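The form predicted alone is given below as one chain in structure tokens.
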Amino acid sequence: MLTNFLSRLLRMVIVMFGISVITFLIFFATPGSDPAARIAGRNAAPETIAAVRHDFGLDRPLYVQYALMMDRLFITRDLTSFANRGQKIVPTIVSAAPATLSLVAGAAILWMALGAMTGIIAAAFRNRLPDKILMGASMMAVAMPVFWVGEMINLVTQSRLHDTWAFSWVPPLGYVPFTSDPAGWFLALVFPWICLALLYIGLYGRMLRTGIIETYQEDYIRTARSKGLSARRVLLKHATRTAIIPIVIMFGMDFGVLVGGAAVLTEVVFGINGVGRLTYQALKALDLPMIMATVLYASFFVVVANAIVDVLCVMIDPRMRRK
């Protein structure tokens, strides 16, 4: 077990190192790209560009530039933004991370619970009315764009019906830190959670239904039935336990990517200053250090989420321990 853990940890470190090198080369070693010219601004004099290149160490070999960038990003943590002089990268990302984590974690609880419920109920009533209703609703949820759903929610809760008894409790758009006001934190995130979770509820529900139906064709399911086990026990203990493994794997990928900034549309629509919105603003300004830092931040969560998912899959299905 310890050897397996150390092996996974080593792979994580290697993957993170590879991602950092590739990200650095894309942003700082692309032919025709001159970061110093971007920092200096348009129509800057050659002397100004040369001074900027020297100040930021961009006139040194690539491996030295990489080492300096990683040192300033992870060790000294004094790397500053190219677009906003004086803005430190790491503290900015750290301050934005709780908003994104709160948004994604709450939405993940919703989509896993409701997605699992949708898939199990639909599989139990296969080709009957509950199945058709749930699969139709799931298809609608998958088809609706996140930004459109968010705008419709805001139109109803923030404008048209905000003064009615049903939505008068909805706070203004934005994020409220949990440490300062737990109740305000919850109320501010209720509709962003719903908006972000809708797509995944439909997607996970449909996938779980398909997996359970396919699992019913396995020999061990027939054996369990022949032993006289109830249909409910066969569904929940045997079929669902096997069918949920691909869902757990996909959840790890989705959660890591969303925490890494892929929830940008939800953050922008609901005015949440998270990592996704921070990355979006950095891309508009071509702020290379900020972009590189947020990419590394996102890759870290994806790698860690996948490692956790591997452990969960082994706990769910002990047969995977031999793989």
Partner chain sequence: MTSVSTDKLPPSPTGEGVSAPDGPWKRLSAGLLSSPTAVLSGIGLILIVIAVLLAPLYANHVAHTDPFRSGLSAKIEIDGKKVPVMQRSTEGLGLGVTPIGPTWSGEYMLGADTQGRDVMARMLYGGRSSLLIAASATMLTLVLAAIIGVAAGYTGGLVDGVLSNLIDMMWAFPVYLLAISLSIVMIGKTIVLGPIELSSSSLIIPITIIGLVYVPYVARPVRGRVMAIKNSDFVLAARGLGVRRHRILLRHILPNVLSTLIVFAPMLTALNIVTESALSFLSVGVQAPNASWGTILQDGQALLYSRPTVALAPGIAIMVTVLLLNLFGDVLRDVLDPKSARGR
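Residue numbers count along the first chain shown, from 1. All values reported here derive from a predicted model rather than from experimental measurement.
Just so it is clear, the following notes concern the form predicted in complex with its partner chain, a form of the same protein that is not shown.
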What I'd like checked is whether Ala124, Ile247 and Ala307 together line its partner chain in the predicted bound form, meaning each has a non-hydrogen atom within 4.5 Å of it. no
Of the residues Thr164, Thr76, Thr223, Ser159, which one places a heavy atom within 4.5 Å of its partner chain in the predicted bound form? Ser159
Which residue, Asp181, Asp71, Glu151, Glu218, is the contact with its partner chain in the predicted bound form, using a 4.5 Å heavy atom cutoff? Glu151
Name the stretch, out of 231-239, 137-145, 190-198, 104-112, where some heavy atom lies within 4.5 Å of its partner chain in the predicted bound form. 137-145
Check whether Ala293 has any heavy atom within 4.5 Å of a heavy atom of its partner chain in the predicted bound form, and answer yes or no. no
How about Leu155 - does it come within 4.5 Å of its partner chain in the predicted bound form, if we only consider non-hydrogen atoms? yes
Within a 4.5 Å heavy atom cut-off, is Tyr280 in contact with its partner chain in the predicted bound form? yes
Any of the heavy atoms of Leu286 lying within 4.5 Å of its partner chain in the predicted bound form? yes
Applying a 4.5 angstroms cut-off on non-hydrogen atoms, the residues of 229-245 near its partner chain in the predicted bound form are none
